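Take a look at this one chain, the form predicted on its own, written out in structure tokens.
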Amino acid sequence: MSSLLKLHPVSAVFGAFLCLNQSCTDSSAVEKITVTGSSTLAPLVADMAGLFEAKNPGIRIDVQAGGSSRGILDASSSLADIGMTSRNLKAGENGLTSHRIALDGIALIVHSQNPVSDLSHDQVISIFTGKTEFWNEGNDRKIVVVNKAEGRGTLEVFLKHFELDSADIDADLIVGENQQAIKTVSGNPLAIGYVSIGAAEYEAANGTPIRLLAVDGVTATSKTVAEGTYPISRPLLLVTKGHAVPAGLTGRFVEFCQSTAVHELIGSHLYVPVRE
């Protein structure tokens, strides 16, 4: 025991309908695609979909969250046209093409009342594996470890970076999407968790009582992610079935999400646009 010192179903037809006017509309003529996956990406992609729909009347894009693993599985099994993932594809996740649309980092967060501002790589491992149990020498401030649920891209990136397995984590609480993690940590001065830097920066700037911790002396900001200096960073991806950019509406939307037309939108979500 140690302490941490530094601190659409088909519609039924009930009668014949004869349309003699070309302005008559048929809802079945609306083009639709479905996008599912990462809760980190979902708000951004939903806003991208809104812009795309505004530029392309008669198109509907349905964006649903549920985690990176869901997005990858749905795209692979054709339950969705596009999957969203906030991690790279893993070995065995075959038959898909990834399309990078932005970059993000993962921030360790604590309550703003916690005086700790920086953790080393080894300190993070010690806390999340239960070797370090207390915030102070007096052992009266027990650390509450908040971990992410299986299937979350944030969890996968965290484990990979710190070379841990899920079984290694000694968690007190398990949460899902970023907002749940932020709410949990902001409500407990002894808690520590990890979330998207973009989500954390936004919440902290708008009065949510959390602090983003530096890791090995590097501050957790969108700027350090863009500079390539922040150690825990990740691509934000759209994935499609097959080995090329798909044809038709799906491909058009993917290309839109990678275009300069959405760079400002990406920045407004506090992610880093991909400039290639």
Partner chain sequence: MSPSVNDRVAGAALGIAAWLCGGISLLILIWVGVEAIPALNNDPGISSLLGDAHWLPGSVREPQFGMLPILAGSVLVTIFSIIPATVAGVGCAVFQRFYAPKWMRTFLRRVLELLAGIPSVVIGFWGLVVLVPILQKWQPPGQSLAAAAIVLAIMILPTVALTASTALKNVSPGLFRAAAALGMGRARTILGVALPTARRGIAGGVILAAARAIGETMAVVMVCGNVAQWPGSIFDPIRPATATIALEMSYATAGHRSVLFALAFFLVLVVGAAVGWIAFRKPSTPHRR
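Numbering follows the first chain given and starts at 1. Not measured: the values here are computed from a predicted model.
The next section is about a form of this same protein that is not shown, the form predicted together with its partner chain.
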Ala204, Val144, Ile127, Leu103: which sits within 4.5 Å of its partner chain in the predicted bound form by any heavy atom?
Val144
Counting heavy atoms only and using a 4.5 Å cut-off, do Asp118, Asp122 and Glu133 all touch its partner chain in the predicted bound form?
no
Report the stretch among 158-166, 77-85, 91-99, 193-201 that approaches its partner chain in the predicted bound form to within 4.5 Å, counting heavy atoms only.
158-166
Asn114 within 4.5 Å of its partner chain in the predicted bound form, heavy atoms
no
Is there a heavy atom of Gly138 no more than 4.5 Å from a heavy atom of its partner chain in the predicted bound form?
no
Would you give me the residues of 164-192 that have any heavy atom within 4.5 Å of its partner chain in the predicted bound form, in order from first to last?
Asp165, Ser166, Ala167, Asp168, Ala171, Asp172, Leu173, Ile174, Val175, Gly176, Gln180, Lys183, Thr184, Gly187, Asn188, Pro189
